[in-house]
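Take a look at this single chain, the form predicted on its own, given in structure tokens.
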């Protein structure tokens, strides 16, 4: 288990991560969402033991990750700018990683070279952005890491390759108890991938929740009334979003499901329908609550 405990990291005196705490369970996929510059990449580099803490700590199985060689040998970090030696091919890079990762699995490497159709003898520098990411994914999974960190994992991948990556990650977790921490700007990628999702903004945690298919403490409802409703009717609710069309009101409310539904039913609507809430909607509502929304930008 990885525990981020009140971790703070500053650059030029300014906090990129500000007293942030997260718990990442073993054998799971943990997703990090956030606005541009929110600190997602800094957090991944900190988990990888690249940055010294300016406050708090990051622990893996109770041991600090910084200067922890045993931990780093069990971890592979695919950054948003994948690393490879100039003029090197996938075959040559595989030889490099074999020397450093004791868990290198040649069978995994050969299988993944079939899943992701790359020319292993060609220079990686000549690959497209998506192909470079595929090459590093092949290398990372072939190292059989206990912890795999993927920064913008799906960036540059077409829909077929994104689907293939998700399937390979799921298989690897099932086979080898791997833990994956992944960031992405595409919220939809997390819907059926992550076990837990965290939202961070300006270096702070906004939300951490299990991705169980429900909206947690956010309820989206649609109600119809005999007379045209007014937004003031819902002033005692924690309303995140409100839309009205004639006598039909659609609103998103922060609160417990049972209590919220009972309070809405007590308003005697002609009908009440609880609607599914997507992870993307939750992200937008939480970011707007944190002061970062489209209405603030436009």
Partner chain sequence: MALQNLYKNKNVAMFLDVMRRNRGITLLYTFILFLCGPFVCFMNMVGETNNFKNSIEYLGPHAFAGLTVGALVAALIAATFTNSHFHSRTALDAYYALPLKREGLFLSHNLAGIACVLLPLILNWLFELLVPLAFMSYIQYVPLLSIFDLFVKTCAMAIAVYAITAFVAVQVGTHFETFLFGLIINFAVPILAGISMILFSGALYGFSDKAQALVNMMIYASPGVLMGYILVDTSMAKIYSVSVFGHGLAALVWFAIAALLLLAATYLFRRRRAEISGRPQPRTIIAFIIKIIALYGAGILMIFICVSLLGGGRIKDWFLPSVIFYIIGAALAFAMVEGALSLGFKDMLKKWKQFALMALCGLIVVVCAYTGGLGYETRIPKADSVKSVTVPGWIFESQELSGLNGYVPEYDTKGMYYFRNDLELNGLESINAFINLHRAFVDNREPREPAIAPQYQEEYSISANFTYKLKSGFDMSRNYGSASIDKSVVKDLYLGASEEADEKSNTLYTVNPEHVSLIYVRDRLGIGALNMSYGPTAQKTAYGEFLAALQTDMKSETAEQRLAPDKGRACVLGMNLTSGHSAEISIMPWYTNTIKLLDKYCPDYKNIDASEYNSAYIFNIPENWGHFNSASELLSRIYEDDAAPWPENKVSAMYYDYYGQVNMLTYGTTAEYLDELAEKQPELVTKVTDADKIQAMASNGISRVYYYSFQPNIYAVFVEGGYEGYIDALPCYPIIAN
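Residue numbers count along the first chain shown, from 1. Since the structure is predicted, the reported quantities are computational estimates derived from the model, not experimental observations.
In what follows, reference is made to the form predicted together with the partner chain, a form of this protein that is not presented.
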In contact with the partner chain in the predicted complex (heavy atoms, 4.5 Å), from 185-193, 167-175, 101-109, 126-134, is stretch 101-109
Contacting member of 50, 272, 248, 267, with respect to the partner chain in the predicted complex [4.5 Å, heavy atom]: 50
Considering only heavy atoms, tell me if residue 72 and the partner chain come within 4.5 Å of each other in the predicted complex. yes
Would residue 67 count as a contact of the partner chain in the predicted complex, using a 4.5 angstroms cut-off between non-hydrogen atoms? yes
Test of understanding: in the predicted complex, would residue 82 fall inside 4.5 Å of the partner chain by heavy atoms? yes
Is residue 54 close enough to the partner chain in the predicted complex to count, meaning some heavy atom within 4.5 Å? yes
Output the sequence-ordered list of residues from 104-138 with at least one heavy atom within 4.5 Å of the partner chain in the predicted complex. none
